[in-house]
Every structure is written in C-alpha cells, then in structure tokens.
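Before any questions on how it binds or moves, here is one chain, the form predicted on its own, in structure tokens.
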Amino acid sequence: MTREQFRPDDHPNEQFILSTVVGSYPKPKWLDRVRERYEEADDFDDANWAEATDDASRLITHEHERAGLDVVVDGEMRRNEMVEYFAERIDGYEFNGPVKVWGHNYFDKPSVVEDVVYDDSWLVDEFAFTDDVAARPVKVPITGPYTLASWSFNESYDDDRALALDLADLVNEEIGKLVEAGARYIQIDEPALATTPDDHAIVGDCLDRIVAGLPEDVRIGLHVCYGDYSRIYPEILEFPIDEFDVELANGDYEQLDVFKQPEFDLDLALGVTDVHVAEVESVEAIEANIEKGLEIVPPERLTVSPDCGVKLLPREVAYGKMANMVEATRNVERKLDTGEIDARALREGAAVSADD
C-alpha cells in the first residue's frame, strides 16, 4: 500500500507504473552565479541566498510537474554535493580543503574527527518548501550512511562500519522529522556500495537502523548506481526496503538477468533513460526499456526514472528525457490495459530464459 498512495486521482489508465526521478537536476545557470556571489561577496547575505534557492526549487519542482512525473523532487537546488552538504550539517565533521579525485576534478572531502552527533534537521525545510509548492507527492533523497562514511576521512572511529552505524542512527532521526512533516517517500542513496560490494552486510545493518520505528505507509527506496549488481544480489533482498533503484540503461540492460534468479520480490525502480548520453531517447526506445522492467516485476511493482541524477546534462535534455519517459510510461500502461503487452508472459518468458 505504500506505493498506491502516489497514483494520481485522475490517472488515465487502469495500470499504474510510478514515474519519478532519482534526485539531482541541472541548476539554472543564474543559480550558479548567485552561489559564487554568496560565497565570495560581502553584499549577498543568507536571506538573499535563501530567496534564490527557494526560487530555483520552485522552478524545478514545477518543471518536473510539467513533464508529468507522478512523484517530484526539487532537483536538489540547495545541495552542492551529496556528501559535503550533509557533512556540513553533522557535528563531528570538519573540512580541511579539497582533494583531487580524478583528472582535474576536486572534492571537498570531509574528515570525521569526533563522534558524529545530530544537531538540527538537514532536509525538513527543503521538504516543507517543496511540498508546499508542489501539486504532486514529493520524494526526499538522502545520502546513505555507508556512503557518508566511505567518502570521508575517518579519523575518530575504529572502523568505517562503526561510523556508518552511528550515521545510520542520525539518518533515522532525520527521517523521523521528515515523516512528522508529512514525507512519505524516502530514497537512500548508496553509490559507494557499488565500488565495495562486499560491504553489503554493513549497508543492511545500517538500513535496519534507518527504518526503525517508521510508520508502514512510509516508502523506503535504495538507490545504488554503477557497479556489478551480481556482487550484491540476492543479498539485497534481505534489506528492509520497499524498492531497489538500479542503473541499467547505461549498460544496455546486460545485467538484467542478475535479477531473474532467485525471484526479485521487492519493488523495482528501473533506469529507463541514460544520464551519460546528452541526447533525448525516443518515446519508443524508452517504452522498450520499460518492458525490460516488466520481465522482472509486474506493473504494480515497477517504478521508472532516469538511471541516476541528471545534474550534468543540459537542462533542456534533462527535461526532454523526463517528458519522453512519462509519455512512454503512459503508453505502456495503455498497452497493458488493452492486452497489447502481456506482462505475465514477459515475466514467464524471462524466468524460462533464466532457467536455461
């Protein structure tokens, strides 16, 4: 029941495939200029910055709605980077300057210098604003504790597992406040798991802490991008989540078979547009990608989104991908309604193929 609450009242089809985005979205160019002025100029204060990020969040939220997404986010307009943003708000972290990560790119990698402590909320204001301006349900992406631990220098804890578990308690506290504010769709982002898949048990232990005490109508998704999913499957089926979000379009669905045996019993959030390609896929191509998801789960357990955050794409391309994705989704639903697509046959055919 946690998923059906996001079906629009005026949904045109009997079938319902949930459409959303992973999280990040290209920022308006003027917001980047405003950030530079906020960080470097004395005549641009916190109130000016708050007004600018409010305006950008409203703009992108409405852009998501115009594309027709069932569940929207604000494109993370207030966030600079997925670890740095949270580390700045957690007591126990400090910053000592950027480190080179690849090529000429630098990352302001934080250090954990003492036990992490939850102080004030991280995302409640962001959610409350977006929820107020949105006409559709809002999803809240949160960088997961394993990634927050792995992508930081650990100078305080005995090991990264102990740090990740403490961070998981903080994430649980934050989600509790988000739920009090009305949030019902939370996505935990754990890209670090893709590079260290043998640590899947640590992520599972963190998720146990993250979901502790949450109401049953709160939907918890886990997004893991890149990597070899066979290294964490079927272990992820034991995670206390409703939905597992994967990036497969970029690999032309070569890893789809990973999820066929044993049977995938979570909801599947499937990437159906490639965020590494700065071209808008056709509606027909995206429909074919959506049908890949129906080989794994029935329509009522399928969510579609871009492979990952789209913040590095030109904004018009990002919008085009979303709009075509929604059109493709509604087309597939209509074909399911009329019997032109037989979802059961797709799954049974995939199961036979996997047995072979």
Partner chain sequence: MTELVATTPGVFPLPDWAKDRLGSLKGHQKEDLIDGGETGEIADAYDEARAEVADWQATAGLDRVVEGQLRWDDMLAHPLCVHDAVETRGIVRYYDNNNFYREPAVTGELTFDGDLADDLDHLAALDGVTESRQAVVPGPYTLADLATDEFYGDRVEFLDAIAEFLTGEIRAFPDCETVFVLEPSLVTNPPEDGFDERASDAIDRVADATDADVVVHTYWGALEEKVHAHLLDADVDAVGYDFVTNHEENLYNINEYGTKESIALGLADGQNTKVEDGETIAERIEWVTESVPAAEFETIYATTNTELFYLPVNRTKEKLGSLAEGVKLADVDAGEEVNA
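Positions refer to the first chain, counted from 1. So that the term is clear: the rigid core is the largest set of C-alpha atoms that superpose within 1.5 Å between two forms. These numbers come from a predicted model, not from an experiment.
Form predicted together with its partner chain: not shown, discussed below.
Only one of the listed residues (A212, V117, A128, V277) places a non-hydrogen atom within 4.5 angstroms of its partner chain in the predicted complex, and that residue is V277. Checked against its partner chain in the predicted complex, the residues C225, V124, L266, A134 give one hit for a heavy atom within 4.5 Å, which is C225. At a distance of at most 4.5 angstroms from its partner chain in the predicted complex, all three residues E94, S111 and R231 contribute at least one non-hydrogen atom.
Partner proximity in the predicted complex, defined as non-hydrogen atoms within 4.5 angstroms of its partner chain, places exactly one of 282-290, 215-223, 84-92, 192-200 at the interface: 192-200. At a distance threshold of 4.5 angstroms between non-hydrogen atoms, P98 is in contact with its partner chain in the predicted complex. Taking the partner from the other structure, its partner chain in the predicted complex has no heavy atom within 4.5 Å of any heavy atom of A41.
Although the partner is absent from this view, A50 stays clear of its partner chain in the predicted complex, with no non-hydrogen atom inside 4.5 angstroms. For L313, a non-hydrogen atom is located within 4.5 Å of its partner chain in the predicted complex, even though that partner is not displayed. Taking its partner chain as positioned in the predicted complex, the residues of 103-134 that bring a heavy atom within 4.5 Å of it are, in sequence order, G103, H104, N105, Y106, F107, S111. Put the two forms on the same core and the Cα of Y226 is off by less than 2 Å between this form and the one not shown. After superposition on the rigid core, the Cα atom of F107 is displaced by 2 Å or more between this form and the one not shown.
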